[in-house]
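What follows are structure tokens for two forms of the same protein chain, given separately as structure 1 and structure 2.
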Structure 1
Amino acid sequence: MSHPDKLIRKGLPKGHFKDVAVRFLLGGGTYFIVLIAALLFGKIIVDGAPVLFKAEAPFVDFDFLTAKNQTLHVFDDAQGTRHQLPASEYSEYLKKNEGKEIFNEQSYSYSGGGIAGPIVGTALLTVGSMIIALFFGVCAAIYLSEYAKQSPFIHAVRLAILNLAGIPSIVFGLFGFSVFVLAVPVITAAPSDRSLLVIPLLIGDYVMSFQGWNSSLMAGCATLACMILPVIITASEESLRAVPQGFRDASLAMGATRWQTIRKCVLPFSLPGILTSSLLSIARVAGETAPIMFTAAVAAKDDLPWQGLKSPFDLLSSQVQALPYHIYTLAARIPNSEYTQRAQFGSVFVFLLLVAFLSAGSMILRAKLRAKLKW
């Protein structure tokens, strides 16, 4: 009986219309949000998908994903045919057609070629920061969940985590800039002028100079790691606490030490959960722009990060392109025209696809894990 009050009273219940109106209003608002979200995704998909996908096999325009980013030159030749060439092909064209005139030439920076540089840079930044954040984050979570008792220290740690989680990303940008770019110690033979402090190491000419890592992949990773640390700690701690207490008690009863218990009986069971929730943090790290604007990202770079390096360490101390910063540049610095739309909507589409995969993957994995792990 879905309407028990009908048994008692005939007709519509009192206040029925008010009831319907309120429901309609609330539901309308809810579906309005959903509609806006759908429109937003729709616009990006409609304009972005044709850049990445093609009608004929192999259906995906791999050039867009693997080519370097270049300036796009748009011009007419004497026959009135319109050419759109990225910088490298443009110079070839000029060489081949020497002496011929071209008309109506316009160039659009960042709009030609593909987005390999930003994709690779984002991947490097994400992987680097996740390695740092996962290491420190999981260790901190182990302490909080396995060792910690009520103490002023724990209280301070919890307060710090809570506060770190609320700090705006641009403040992390300021922090990363003043600490990792300008102040962390490096070991070098030739300290910079603006070094804060120089400590002689007594090995050759080497000194420890507090001069920072400059704007580099390393500084960007460290900044992002600091930003994501509270999220990782909270998620890992939740995952560790989900392991039943009985596991630990049994292990300790068998005479295992605390560390053996953690290593053999807690970590293996909580690791899938930790990794799943960190997938969501990866999506967040990949999407951040403000913290890397001054610490790692560069708008235009000719080489991929590993090209032209003398030692592998140069990779860490070089600037990289990054997808979010690339999108910022595309949106803020170049006009919107039919020639720049390919780069603009294509980049956004790829970026959104990436983030969507990461977050959807984490949601699905989490659901599966919850279903599987029943203690």
Structure 2
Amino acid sequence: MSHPDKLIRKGLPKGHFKDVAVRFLLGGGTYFIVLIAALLFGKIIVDGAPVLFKAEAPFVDFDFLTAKNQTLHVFDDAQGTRHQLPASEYSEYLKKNEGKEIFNEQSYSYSGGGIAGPIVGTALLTVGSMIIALFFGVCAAIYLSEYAKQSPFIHAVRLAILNLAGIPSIVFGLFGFSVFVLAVPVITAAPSDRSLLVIPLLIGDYVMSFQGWNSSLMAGCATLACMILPVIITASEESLRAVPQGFRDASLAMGATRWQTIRKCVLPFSLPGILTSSLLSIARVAGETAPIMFTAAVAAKDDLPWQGLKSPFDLLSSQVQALPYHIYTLAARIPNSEYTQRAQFGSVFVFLLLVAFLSAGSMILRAKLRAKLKW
């Protein structure tokens, strides 16, 4: 090889310009999406952060986070000063200034006060639906991965689960309304007039009445759980199947039962993958509006979900506010003006922070669990 440089092809390789064009096209599409997302989140942060944060200590407007949302009253007094007062302060103003005239009065529903009710309702819906979905989802994944024999029926079940993941959320909302709100059986001594079927239980006056749970926290959690079940089942099954078969064989060879093997040798090593599925689901559960519109959410509520209840279990049968539905109400039903922007952008900003904290918590927990596992 006396002249190795001759082996190097001179000039541009064949198809160079096509590769460059494809690279710029794909890169351009990617950065365009990033740009749109940056503009969207930038707008929310620029307009929403001043609502939550302030320049003076303690630098966070805790009143906005802890106060209930109220109607905002905007008016001018006799001196021409413009006032913006939530309903409670507006009533006090009228008492103190009885007899004085006010001018140009306008009111904006849900635009005054804070967003304590929607924050609490969102947290309750998220926690409740995740508990239900993780329990049934992990149980189904264990059965499909560890117990079910491979057959056309099992393949059909897996295909059905995958197809469920693509169904629009509004369909899950209608499903939850027709099943959990109107038709789920309830054991009661006073069945509703709209009960679909009543079965006597021969225990006192109690009957099984197919009358549903009405619009309630329980119905909303069950509907949201159904919506995220496909993601949790699929991700959990893949995580279980990723655990080496040798772990199972070694455990069974030592005399352990199938369930002991799953509980001690398989589940601990699949937990990071299961938490990944929960991570993906938390953000979706917290941000869905359509399913809870029909099953659990209410636009305005005077008390927090647990206030005024006779029993802790009554919490499950009470309606709740939720941040996504609150934002939808503010954006779609309230006239847009400078007086409603505080509630709109502040609610959206807090909602993004809430989703970010929930996701960050799941990621930290997953990282800690993964660090403890040595394969």
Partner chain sequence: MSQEEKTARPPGHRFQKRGLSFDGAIKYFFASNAGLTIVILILIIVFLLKEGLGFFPGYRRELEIYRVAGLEFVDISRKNLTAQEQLTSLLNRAYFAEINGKSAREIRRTQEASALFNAYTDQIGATRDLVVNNTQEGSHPNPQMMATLMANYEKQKTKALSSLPATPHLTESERAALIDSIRGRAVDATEDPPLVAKLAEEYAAAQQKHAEPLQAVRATIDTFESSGSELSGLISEMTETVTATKAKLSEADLLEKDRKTLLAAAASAKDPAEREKLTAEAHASLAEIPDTEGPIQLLLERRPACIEIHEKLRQAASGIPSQLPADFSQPEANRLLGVARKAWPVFLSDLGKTPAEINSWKHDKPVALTTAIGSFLTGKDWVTGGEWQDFYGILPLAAGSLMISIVALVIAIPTGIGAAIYVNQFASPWEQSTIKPVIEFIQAIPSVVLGFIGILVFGTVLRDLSMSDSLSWVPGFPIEERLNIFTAGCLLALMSIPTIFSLAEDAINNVPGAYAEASEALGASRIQTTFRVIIPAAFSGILAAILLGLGRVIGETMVVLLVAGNRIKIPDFTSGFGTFFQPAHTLTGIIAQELGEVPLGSVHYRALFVVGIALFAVVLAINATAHRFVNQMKH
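Treat the numbers as computed from the prediction; the structure is a model and nothing was measured. Rigid core here is just the name for the largest C-alpha set that superposes within 1.5 Å across the two forms. Here, a residue number simply tells you its place in the sequence of structure 1, counted from 1.
Form assignment for the chain places structure 2 as the one matching the criterion, namely the form predicted alone. For Q341, a C-alpha deviation below 2 angstroms is recorded between structures 1 and 2 after rigid-core alignment.
The two forms, fitted on the rigid core, differ between structures 1 and 2 by less than 2 Å at the CA of G308. Core-superposed comparison between structures 1 and 2: the C-alpha position of T30 differs by no less than 2 Å. In the rigid-core superposition between structures 1 and 2, residue position L365 carries a C-alpha shift of 6.4 Å.
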